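Okay, here we've got a single chain as structure tokens, the form predicted alone, with questions on binding and movement later.
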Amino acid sequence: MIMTDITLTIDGKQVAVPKGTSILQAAITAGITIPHYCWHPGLKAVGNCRMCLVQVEKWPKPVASCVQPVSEGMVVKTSTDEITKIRKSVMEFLLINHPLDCPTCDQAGECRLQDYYMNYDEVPSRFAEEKVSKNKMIDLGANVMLDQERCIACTRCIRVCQEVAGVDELTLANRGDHTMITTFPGKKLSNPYAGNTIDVCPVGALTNKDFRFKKRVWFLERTPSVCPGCSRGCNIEIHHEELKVYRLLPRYNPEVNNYWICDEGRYGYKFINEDRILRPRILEKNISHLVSSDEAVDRLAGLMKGGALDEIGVVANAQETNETLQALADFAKTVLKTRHLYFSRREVENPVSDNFLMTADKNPNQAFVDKLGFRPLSTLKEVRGLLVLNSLSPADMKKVIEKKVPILGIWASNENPAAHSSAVVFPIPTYAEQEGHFTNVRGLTQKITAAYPPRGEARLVSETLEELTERLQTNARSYTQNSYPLSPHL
């Protein structure tokens, strides 16, 4: 059956959209703004805020554009005098009991109530009576804080729980100006997608407990990226300032995560800021010494040239980008000519997964690791040493200790047991500090973008490998002539 588009006119502009499209969606297609609170493109339309009313030619009264389907030849007007007056009235009702606390509200700077007030109201309140007081700073659970006084009862958060998470955890209680969002008696907000209720809240009623009062949003830069929390590869925005990440928000991608991310991914950014390795170091007599990058490369080259290069094992990591993994594989195969290609990955006890976004594999790039031919480190054969990328899982670390294999060198962004045991440590960027790609569980390759330059002296793995290749193929520098004992106990 062939579906034909519906042609209509909105504010004098002709637009063609598929049958079943709402007037509001048609206006968005035409680049025309219709204000709205309750409508969200990822949720069912309910038409309860009345902010999106428009006039349709020959119709007796205004209609809610978010729930009204288009029809052939329809002529819509979005900003007549009558509609402007209605929007002013709606804004006045919404603001009657709303607290005047914008200077201390975390939503300031991205609040539709502020924006629409400036566009459609911008007059002093006529309400002289005492405002209705409601509870503030309510911990709903799942890092979500509620200020009931700010809520405009748009029900977006309720619908996120129902339609995205598939649970009933929020509801409207009471009536009239005493209506408020709340959890069901004796229960907490606990679903794994609860953070999305904060994202969809158009005002400051729901705020992020993790982000509250940390930074004003207009100071933050936004960089598109991909969540490394699992093999799904949800699209995200990194919000950051001065080499520090403050929060992650979902970025729309209909092929992967639509408008949403899980809370595991949302709050999994803190390693970017904390416990970082920022300078190269060497381990000498079980004591770490900070050195220059050149000295670290020289030291590792000296250790590697103490025997056959093809007896060295290389351990990839499923947390790293395609580019980094490819550089490591090329180095192993063409320079070391080793057959000992292994991988380690982030392992989580009792991993949470579902049939929506979360996968049991908590690594963003296992698909590309497998493509390059790396094998699990559990199959480790006899080698005289290992070169490790990023970290080892507890089980893999135990395996290395049992076999008494020294870690000659490691490229890592954060402190970890393998780094503490390595003869040479090179700092590398996190995913937030480099360009590259991840290949998700469905084989889709997606780009990540550097939010800011690498911190400290962190460098791309490929850069260090190029220098190491040069050292291995020429005479080692004087720094490698010294003898540095390796700890057999890691």
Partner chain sequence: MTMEFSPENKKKLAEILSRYPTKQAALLPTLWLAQGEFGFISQETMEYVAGLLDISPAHVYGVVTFYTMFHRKPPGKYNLQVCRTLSCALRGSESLLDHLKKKLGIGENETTPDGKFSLCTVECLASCGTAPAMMVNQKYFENLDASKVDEILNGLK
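Residue numbers count along the first chain shown, from 1. Keep in mind that what you see is a predicted model, and the values were worked out from it rather than measured.
Missing here is the form predicted together with the partner chain; even so, the following discussion is about that form.
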Check: Which one, 289, 178, 212, 270, lies within 4.5 Å of the partner chain in the predicted complex by heavy atoms?
Finding: 178
Check: With the partner chain left out of view, which of 119, 378, 171, 89 would have a heavy atom within 4.5 Å of it in the predicted complex?
Finding: 171
Check: With the partner removed from view, which of 271-279, 255-263, 232-240, 179-187 is the stretch that lies within 4.5 Å of the partner chain in the predicted complex, judged by heavy atom distances?
Finding: 179-187
